[in-house]
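Take a look at this one chain, the form predicted alone, written out in structure tokens.
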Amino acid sequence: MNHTRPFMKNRYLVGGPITPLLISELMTLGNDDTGAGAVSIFIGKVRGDEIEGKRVTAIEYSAYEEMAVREADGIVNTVRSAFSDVRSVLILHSMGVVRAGEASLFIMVTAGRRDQASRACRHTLEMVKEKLPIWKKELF
């Protein structure tokens, strides 16, 4: 992942959209873990919603970065504690402008079994939406 590092703000935040290339690289993480039988992934994309007669063309994301890192660390620890079979939890959220149709959130959970992976991924998503100090501004 060396050529993607300049875009990384820290281990949870990336400048701009989460590109297909970055997603494919992230999906190879942990491939050497032969005890991981399941990988559950959530990819959140910017929708081109219509709001009050105007079409959303992009969202600009901002965050309290230090707090976002602390909260994301806490989410990872909580998920790993709550789901005994979970082997890894990866959270990546965009900062800055992300156009409609582009990805802005990537969550990947690996576990020994599919039930734990899928339930832990959903739990991670709900905690990210509830706890991360990330704000969005629709651009029209």
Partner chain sequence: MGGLVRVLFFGAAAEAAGRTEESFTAQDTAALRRQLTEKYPALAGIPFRMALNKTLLKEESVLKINDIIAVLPPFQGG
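Residue numbers count along the first chain shown, from 1. The shown structure was predicted, so the numbers you read here are calculated from the model rather than taken from an experiment.
If you look for the form predicted together with the partner chain, you will not find it shown, but the lines that follow are about it.
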property	result
Any non-hydrogen atom of K129 within 4.5 angstroms of the partner chain in the model of the complex	yes
is_contact(V79, the partner chain) in the model of the complex, heavy atom dist at most 4.5 Å	no
4.5 Å heavy atom contact, A63 to the partner chain in the model of the complex	yes
Contact test in the model of the complex: K54 vs the partner chain, heavy atoms, 4.5 Å	no
Residues within stretch 110-139 having a non-hydrogen atom within 4.5 Å of the partner chain in the model of the complex	K129, E130, K131, L132, P133, I134, W135, K136, K137
